[in-house]
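Here we start with a single chain on its own, the form predicted alone, put down as structure tokens.
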Amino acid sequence: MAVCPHEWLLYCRPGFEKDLSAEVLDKTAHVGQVGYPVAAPSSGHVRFVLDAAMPANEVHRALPLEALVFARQSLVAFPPLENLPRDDRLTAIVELVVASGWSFEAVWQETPDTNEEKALAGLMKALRRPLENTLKKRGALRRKAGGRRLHLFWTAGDRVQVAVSFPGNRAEHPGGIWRLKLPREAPSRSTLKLEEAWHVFVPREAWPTRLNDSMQAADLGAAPGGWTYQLVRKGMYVYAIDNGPMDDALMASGQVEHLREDGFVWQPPMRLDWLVCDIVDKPMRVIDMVERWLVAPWCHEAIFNLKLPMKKRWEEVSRCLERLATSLDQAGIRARIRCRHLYHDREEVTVHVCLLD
């Protein structure tokens, strides 16, 4: 009989394990899944251990990665293999993979996003070729295997968790991380948050129709122009709303109108294509402002940040998202709302709302 995985392995930013655990407990309860989280502080991951009679792929399908806020990656996993001998780390891994009865098209070796685990890079490099060759000989690694990927999540030199990912319900970057290069001419590092948000929330094939030079946008709390820079790069005309100074090069583009006004009260002269906002304020105050824009409606799509409290972050995010969804529903506004804690976020989450006209 094949060995079945009964854990759900989720990666996150180190320091947000409690928040991801709270989110997972809340959401699994809503879909009738029973289990408990295991997470060490600043470990960069959460193991959700399910009831032995409950295959992990059920919760994996019921709660896809795109529906989670604090998770970077979502994997179906076996319990960790521990105390692996230094002279033979491969045998236990290969035997578990073969016993699962599954086959895979690729093998990814990963570690948590912490400085301590990055020291394992040499070990993973040394194991890669013998591991792949052995799995091929045993029939577990082959070209056509339904797009499944085998993940080896190393947390120590003698400790690894064997996991599986499935196409359409996983992050396609190692560690679930979008590593973007900061443009030299960008006014601030915050520009990467909006660039990553577009990668995460807008399918690449939709960029020509949803991010193009025929569009107009508003950037609330724009100065010095990190997010405006991304809008200008896409050829948009931008209303930059902020009492602070804007970057001179952005202003020289001819695509930016800088209005020294309060972003919470400013109203656009017409319906715009995009609203973006990176204002530092209480999350619910930002929700109030965005809600006003969407109900009006003054834009077709919006991307904005919610700055989080130090404690009970999931509770605050959940409260804000529920309030926004309820308000839009009561106003008869159909919308798709998504929220993620992006790699380039720190103490905030990024929300995307697309109105369904």
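Quantities reported herein were computed from a predicted structural model and do not represent experimental measurements. A residue's number is simply how far along the shown sequence it sits, counting from 1.
FYI, the form predicted together with a small molecule isn't displayed, but the following is about it.
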item	value
Heavy atom within 4.5 Å of the small molecule in the model of the complex - residue from T111, Q73, T191, S165	T191
Partner-contacting position among I241, V286, V97, A217 - heavy atom within 4.5 Å of the small molecule in the model of the complex	I241
Location of the small molecule contact in the model of the complex, chosen stretch of 146-154, 273-281, 121-129, 87-95 [non-hydrogen atom, 4.5 Å]	273-281
Contact flag, A223 vs the small molecule in the model of the complex, heavy atom cut 4.5 Å	yes
The small molecule contact in the model of the complex: F264, any heavy atom under 4.5 Å	yes
